[in-house]
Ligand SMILES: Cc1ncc(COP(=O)(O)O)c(C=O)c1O
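One chain comes next, on its own, written out as structure tokens in the form predicted alone.
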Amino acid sequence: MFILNNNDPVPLYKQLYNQIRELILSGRLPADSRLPSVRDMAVELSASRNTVDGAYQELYAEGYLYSKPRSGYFVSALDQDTAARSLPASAGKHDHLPGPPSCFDYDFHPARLDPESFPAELWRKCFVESLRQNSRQLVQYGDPQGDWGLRCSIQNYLERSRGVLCDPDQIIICSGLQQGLDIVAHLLKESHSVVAVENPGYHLPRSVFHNHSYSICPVPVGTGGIDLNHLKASSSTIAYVTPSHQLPLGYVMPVANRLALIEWAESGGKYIFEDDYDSELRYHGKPIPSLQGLRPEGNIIYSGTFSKILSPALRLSYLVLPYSLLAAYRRLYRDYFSPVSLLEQRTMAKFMEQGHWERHIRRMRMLYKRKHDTLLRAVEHNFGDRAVVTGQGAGLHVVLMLPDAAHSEAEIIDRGRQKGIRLFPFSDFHVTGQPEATTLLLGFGGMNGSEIERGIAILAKICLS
């Protein structure tokens, strides 16, 4: 009646469970039918008793079987009309599954990191030390706001390198920018309903605030950052900005505009969400200090991440809340737990305490500067004066404007895909409107120098032919 396949990756007990379950649901094993004993079934299948007992126990726990003392297992009575609808569809049952991700020879996605950049040996060393030194704490829930040691390390780093002035008490460890935005949206939704976002700008804050029923107000971006006159004329009471390296155009907001933005926030209880997502990657001069450092006691929510330098897979980021929001945060999230593994937090804290983090930043800055310069030389060589580059000098991407392009962005992306090139649509950064000229976003972090040069050469032929 039952057949087990030793070459099937599905465990033997699960194979038996599935076959018995299907017979019960289809009605071919009627209610109150007695199943063979564990011993007899094991002999029949040439399997271990543990295999049979595992299948029977799972079916019993889920209510497909019931037992009688010293009599064995019997089939439970089920509503056959309902049970039949629970049967798995055999034909096309995998049709809904997505295919494997496409592979590209030249991936110009703006969020790609160098595939060899993660400091695996150093991280493993810190991980093992944290595991050994914190084994007692690993059987407990951590601080909901995040590990205190990591928050102290972050506070120390931010003050020295980003000019952020805060106490560890203001820092919240998050599992990425998405969660940080979600926290802020929850915190402010009772008294705020309209969020200003940069246009063009990052799509994630638009999505998060929209899903919290906020109205989204797109505000144009110029060389000085978000358009302050447009912002002041709007009904927005929250502004999401990337002042140190505007995403995607790369503009730096000058100090006069920063002070004016702070004044806007302080006139009527408004808030600024400062996303400092890749501020460490500045290739000429010192990194631009944070907006928060200009008014530490102001209504500025600062957000930083380890994703752009270390690894997006770790899901480690942080918020710095103004003191005015801490009481509300603790009231709203008092029953929550930290979503970030305590072991990962302790490992990151040790990684920072031992100086590895800042050394890693310096190495990555040199690595990505070489790639950045290679990209600019390749663009100059292949496009000449038929392209205009903006946003250079920082980050992991540049913007390429093609005033005389023969093809639209969509056509270039499609033709590039056929040639093994991946391009992230620049148009996705626009809430409304489109750029006057065909514009491409060129990330360079995930490729080596020769791949960048070959990819740009192919792309130039696509764009200019």
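Quick caveat, the model's predicted, so the values are computed rather than measured. Start at 1 with the first residue shown and count on from there.
Heads up, the form predicted in complex with the named molecule isn't pictured, but that's what we're talking about next.
Just one of 392, 307, 382, 338 has a heavy atom within 4.5 angstroms of the named molecule in the model of the complex, so which one?
None of the other options qualify; the answer is 307.
Which residue, 333, 202, 251, 123, has a heavy atom that falls within 4.5 Å of the named molecule in the model of the complex?
Spelling it out, the residue with a heavy atom inside the cut-off is 202.
When the named molecule is placed as it is in the model of the complex, which of 319-327, 231-239, 272-280, 215-223 ends up with heavy atoms within 4.5 Å of it?
Checking each option against the 4.5 Å cut-off leaves 272-280.
Using heavy atoms and a 4.5 Å limit, would one call residue 177 a contact residue for the named molecule in the model of the complex?
It does: once the named molecule is placed as it appears in the model of the complex, residue 177 has a heavy atom within 4.5 Å of it.
Answer yes if any heavy atom of residue 315 is within 4.5 Å of a heavy atom of the named molecule in the model of the complex; otherwise answer no.
Result yes; residue 315 sits at the interface with the named molecule in the model of the complex.
Though only this chain appears here, would residue 349 touch the named molecule in the model of the complex if you measure heavy atom gaps against 4.5 Å?
Judged by the heavy-atom cut-off of 4.5 Å, residue 349 is well away from the named molecule in the model of the complex.
Answer for residue 158 alone: is it within 4.5 Å of the named molecule in the model of the complex, judged on heavy atom distances?
Judged by the heavy-atom cut-off of 4.5 Å, residue 158 is well away from the named molecule in the model of the complex.
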